[in-house]
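What follows is one chain in C-alpha cells, specifically the form predicted alone.
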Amino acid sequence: MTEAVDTERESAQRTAILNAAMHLFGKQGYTGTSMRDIANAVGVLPGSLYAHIQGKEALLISIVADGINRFLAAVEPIADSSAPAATRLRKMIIAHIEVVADNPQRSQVVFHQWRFLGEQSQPQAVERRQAYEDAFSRVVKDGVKNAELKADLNQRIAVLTLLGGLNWSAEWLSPDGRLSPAQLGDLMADSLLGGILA
C-alpha cells in the first residue's frame, strides 16, 4: 500500500516538474530557464529536482518527444486514409490545430525549443519531425497526381508553407477564444489550401 502511494506521489511530482518546465520553456525559452526557476515554480529546493529527473535536457527531451508523438498520432491516420487528398489535408490541418489548442505552451516548446537538444537527442527529434512533414508531403503528392491540387505546384514549398502557418499558431492561438479549435482549423484550411487547390 505504502509503495503504491509512494509511486503515485513520485509520478505526481514528476508531472508537476514537467508541467512547470513546459510552461517556463514556452514562456522564456529553454536557455532562459534555470533549474532554480523550475524548482521555484514547483515549490521545492533546486537540488530536490534531481531526485525526480536527470536534468534540464531530460525535461526538454520528454516534452519534445511527447509533443511530436501527439501530432503524429493525430495526423498520420488521416494521411494514410483513402479519402481525397484535399479532404485529408483539411482534416490534418484541423487535427494539428486541435493538438496545439490542447496545450499551446507544449507546442511552442516542440516547434521552437527542440533545437537546444544535445547532439545525442537531436537526431531522433529531427527524424520524428521529418515523419510529420512526410505525412503532409505524401498527401500533397497524391493531390497533384489526382489533379485535386495544381499540376505545377512546387510540392516542397507548399508543404513547408502549410507547416509554417500551422506551427506558428501556437504563438497566437487561445484555447479560450471565441472559435473552437475545429472551427479555427477549418478557417485556416480555407486560407492555406486556397492557393494550392486545382
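Note that residue numbering begins at 1 and tracks the sequence as displayed. Remember, predicted model here, so these are calculated numbers, not experimental data.
One more form of this protein should be noted, the form predicted together with the DNA, which is absent from this view; the next part is about it.
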request  = Would you check whether the DNA, in the predicted bound form, lies within 4.5 angstroms of a non-hydrogen atom from each of R36, H52 and K56?
outcome  = yes
query = Heavy atoms within 4.5 Å of the DNA in the predicted bound form: which stretch among 63 to 71, 132 to 140, 157 to 165, 42 to 50?
reply = 42 to 50
ask   = Just to confirm, Q13 within 4.5 Å of the DNA in the predicted bound form by heavy atoms?
value = yes
